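Have a look below at one chain only, the form predicted on its own, in structure tokens format.
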């Protein structure tokens, strides 16, 4: 493909609460065995983008550990490869990136040292499958300066949590507002953009000169009337992790057969770092209904309508319902967990009772052990 990829994976969101205290949003566990960034990386490699830069910042360790080997996403190659950029103090910069445009500016040499004519910029917190070649073809056909992937959300979704946009009959974006107080459209940006490499360099350098830092506000919105900015509508599954409720629902979606079939049984596949763990073990007396149980789990109690990540132990007579249990959690005997997210590497003592009464409750019961 005639493009390089940039994955913006440095963000944090206070609406995630305790879940992002020790990890970046792009490193959030998804669907039992994956991380959020796996979906963007898999899309890149299936779109034959051979050179990808991952820009990190907040809790960068969680991302760099997951990306310690590029072979899992087929980026272990002589030409191109996977590049992970972490913030650092230099002669020209003595502070962290102040926005997405500033993050790209601080790693501008990656763009200048590349030769591909186009750049695909994506967020590391989106759950979706996509062939970026189709967007590039659309971008070239429209003779666009920038192409923004967008989706029409259902009327019951709070669109004001996203970037909201409108388009004319030719799909050219006529209005764009980031997180408005009140949504005036249900067409939202998916945080996926295609732009010519040289033009991106020019716009990013101009932002730096004018002390502007945000890609959406200072490029997309500011230049929407001067540049040819087009929207590319998608209809397939897409979800952004922007709050603990979004995160909970994204995992619960994988309990639906059509979603599992779409991601795991239809080409292209979703790749991730592989751990050598034994298959899940279901002991006598255990009961599992409509749940996703990952490798390394040992189940003694009942698990209903839940997602259990790797190496979860469920004690005797324990009951897990409508909950997400993250990696390496020990749940003692006779425990009840309902409408909850249990943080990784925790120990739930025997006879514990947790139930989210007014929404999803996040449980943080740390022991001396910790894994990201």
Partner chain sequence: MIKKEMIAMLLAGGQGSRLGVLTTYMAKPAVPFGGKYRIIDFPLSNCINSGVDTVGVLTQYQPLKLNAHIGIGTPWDLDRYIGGVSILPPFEKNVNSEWYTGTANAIYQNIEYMESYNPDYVLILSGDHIYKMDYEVMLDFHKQNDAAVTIAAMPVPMEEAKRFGIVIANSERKITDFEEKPEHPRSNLASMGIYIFSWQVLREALMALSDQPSLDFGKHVIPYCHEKGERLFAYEYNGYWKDVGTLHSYWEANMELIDIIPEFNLYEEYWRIFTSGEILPPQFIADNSAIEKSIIGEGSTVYGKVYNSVIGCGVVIGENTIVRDSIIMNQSEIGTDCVIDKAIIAENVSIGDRVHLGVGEEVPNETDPSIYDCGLVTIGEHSIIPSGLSVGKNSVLSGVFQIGDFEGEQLSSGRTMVRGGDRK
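All of these numbers come straight from a predicted model, not from anything done at the bench. Residue numbers count along the first chain shown, from 1.
Not pictured, yet referred to below: the form predicted together with its partner chain.
Student: Answer with one of 182, 169, 156, 276: the residue that has a non-hydrogen atom within 4.5 Å of its partner chain in the model of the complex.
Tutor: Spelling it out, the residue with a heavy atom inside the cut-off is 276.
Student: Here the chain is shown alone; which of 233, 71, 198, 134 has a heavy atom within 4.5 Å of its partner chain in the model of the complex?
Tutor: None of the others qualify; the residue that does is 71.
Student: With its partner chain left out here, work out from 219 to 227, 205 to 213, 182 to 190, 255 to 263 which stretch has heavy atoms within 4.5 Å of it in the model of the complex.
Tutor: Among the listed stretches, the partner-contacting one is 255 to 263.
Student: Whether residue 161 contacts its partner chain in the model of the complex should be assessed with a 4.5 Å heavy atom distance threshold; does it?
Tutor: Output for residue 161 is no: heavy atoms all beyond 4.5 Å of its partner chain.
Student: May I ask you to state whether residue 289 is within 4.5 Å of its partner chain in the model of the complex, using heavy atom distances?
Tutor: Contact with its partner chain, yes.
Student: Indicate whether residue 239 is a 4.5 Å heavy atom neighbour of its partner chain in the model of the complex.
Tutor: It does not: once its partner chain is placed as it appears in the model of the complex, residue 239 has no heavy atom within 4.5 Å of it.
Student: Using a 4.5 angstroms cut-off on non-hydrogen atoms, would residue 296 count as touching its partner chain in the model of the complex?
Tutor: Answer yes; at least one heavy atom of residue 296 falls within 4.5 Å of its partner chain in the model of the complex.
Student: Does any residue in 32 to 70 get within 4.5 Å of its partner chain in the model of the complex, counting heavy atoms only, and if so which ones?
Tutor: Counting only heavy atoms within 4.5 Å of its partner chain in the model of the complex, the contacting residues of 32 to 70 are 32, 33, 34.
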